[in-house]
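Single chain ahead, written as structure tokens, the form predicted on its own.
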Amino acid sequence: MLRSHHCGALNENNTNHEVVLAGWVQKVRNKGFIVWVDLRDRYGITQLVFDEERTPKSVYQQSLKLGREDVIQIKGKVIERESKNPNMPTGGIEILVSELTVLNASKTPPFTIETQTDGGDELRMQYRYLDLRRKPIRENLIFRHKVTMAVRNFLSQAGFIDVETPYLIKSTPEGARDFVVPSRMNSGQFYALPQSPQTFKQLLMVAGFDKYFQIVKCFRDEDLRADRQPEFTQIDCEMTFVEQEDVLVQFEAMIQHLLKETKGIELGAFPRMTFATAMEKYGNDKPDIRFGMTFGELNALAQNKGFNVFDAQELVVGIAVPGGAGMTRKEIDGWIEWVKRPQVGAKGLVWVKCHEDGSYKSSVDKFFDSEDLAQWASVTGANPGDLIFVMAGATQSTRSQLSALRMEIAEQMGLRKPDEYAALWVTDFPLLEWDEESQRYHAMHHPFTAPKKENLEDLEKDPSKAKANAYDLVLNGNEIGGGSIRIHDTALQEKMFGLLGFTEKEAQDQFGFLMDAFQYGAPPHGGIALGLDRLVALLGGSETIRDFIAFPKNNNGRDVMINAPSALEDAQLEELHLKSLPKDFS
């Protein structure tokens, strides 16, 4: 070993010990007759001292030439620091250096390798190997390791078996776009990279493995955002002979275990909420329940009063902003402009101030009196001192717009605290969604999701009424997992494919292997997949997953460090039978 200790290991108990350390030069401070160097490795920082009087002359001269990020090895004696730093584990000591070896000199890095850096996102991603030296990013990845180990240990102890499934599979038309891989040995044919191991984990249940899990890479060719990457990691799980409640209990326990192990937080039982309630009260199916501002529907109170903006609309709905009555007109106008942005798309807001003395002032006083506004306050839960914002329009779009406003107000007011956690299950999703453009149904989750038993008849009479035996796990307003009880009967699966617009031949070509397997004693089964990247980020106090992934892609799906994706040589294209394809092939 090139070192006797790590840079975070030494303290006053090691005083007068001879030690050998190795690491990167974090900082050099030259005072003319004495040089201090902060030496960094993964474990921490130790201060080195090169003294003109106490350090060998040649070693002192060497220290004058050290630069940031040089890799060095030193030998020296642990001594007590005169000016101690109580914020560092090693802050009570320093090393009086007697020997110095430069193992590798470094170019001046393009940004400072410190907690607060001067490097922008794109620059840091280009030099990601340097960014990973920074303490926040390093600690994020160490935290990710702790979470994944806690998951593995928990599931292993619960009887789950870790099984690897293939990465080169068959492309399917449902879901997001596939990443495809040309086959050299099968001209004109392609593999797809898996969007999830869905069918394989179901086959493992048919095979009798009973409980399966895998921490697995998945791939989706989608537009990107802060919490989405083209390749992502999920905790994929499946269980045999279970009903919905069994799955919810098992993975609620896992999340509770993770919060206790990684954050020291104990959460009680997770509330349950139907999809319909989530949409009605929060405007989305992944509500953040750490704060109030639930929706109050005002149709019965606000319509037919002569105000056409309300009368002509499908839904009138409001929220109460706590303490918002103190907002100035300029601040209110700012929120009105915010909801009019193309990203939100609302036409405007009606506002009501609920004064502390019990009076009301609104932007629609011409049409509504104090008694009307008091009823609005009752329905939205507004108290004296609060502000009510009201929107009107088509039900689905208005709920979505008000939900965006609710979340932004909560963000601005500091109500979405990263160190507070609230989880819930959302259940009873619609099984199918009608798509006007394609004039057919699409599976809201995926085509292997079973309908609720009580909705089997609806598949024949009115498929739009059928509820899915599906569930999402939501943490702090983010969906971190979703799953369902699966179809395990060939006839029902064929029925589902028919509702989704598959011909018998298309269903057989795409999923014949699965339907064949169901004919050999397929047991009832169900499972869940949790997004590891998002889960780790949330547990780490962030909603941006990029800093919890070692080598992420940018918002254009590029790895700017290795410059990928990139073009292939003509010879490679020829070998993959791609040179002969039409120029507009995609």
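The first residue of the sequence shown is number 1, and the count goes up from there. Quantities reported herein were computed from a predicted structural model and do not represent experimental measurements.
FYI, the form predicted in complex with another copy of the chain isn't displayed, but the following is about it.
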Decide if the three candidate residues Leu168, Phe213 and Glu231 all line another copy of the chain in the model of the complex, where lining means a heavy atom within 4.5 Å. yes
Consider the chain as shown here, without its partner, and state which of Asn383, Ser464, Ser156, Thr328 has a heavy atom within 4.5 Å of another copy of the chain in the model of the complex. Ser156
With the partner left out of view, is Phe291 within 4.5 angstroms of another copy of the chain in the model of the complex by any non-hydrogen atom? no
Looking at the partner-bound form in the model of the complex, is Arg546 within 4.5 Å of another copy of the chain by any heavy atom? no
Against another copy of the chain in the model of the complex, would Lys366 count as a contact residue? Criterion: heavy atoms within 4.5 Å. no
Contact flag, Gln61 vs another copy of the chain in the model of the complex, heavy atom cut 4.5 Å: no
In the model of the complex, segment of 27 to 35, 52 to 60, 538 to 546, 553 to 561 with a heavy atom within 4.5 Å of another copy of the chain: 553 to 561
If you apply a 4.5 angstroms heavy atom cut-off, which residues in 102 to 125 are near another copy of the chain in the model of the complex? Leu103, Asn104, Ala105, Ser106, Lys107, Thr108, Pro109, Pro110
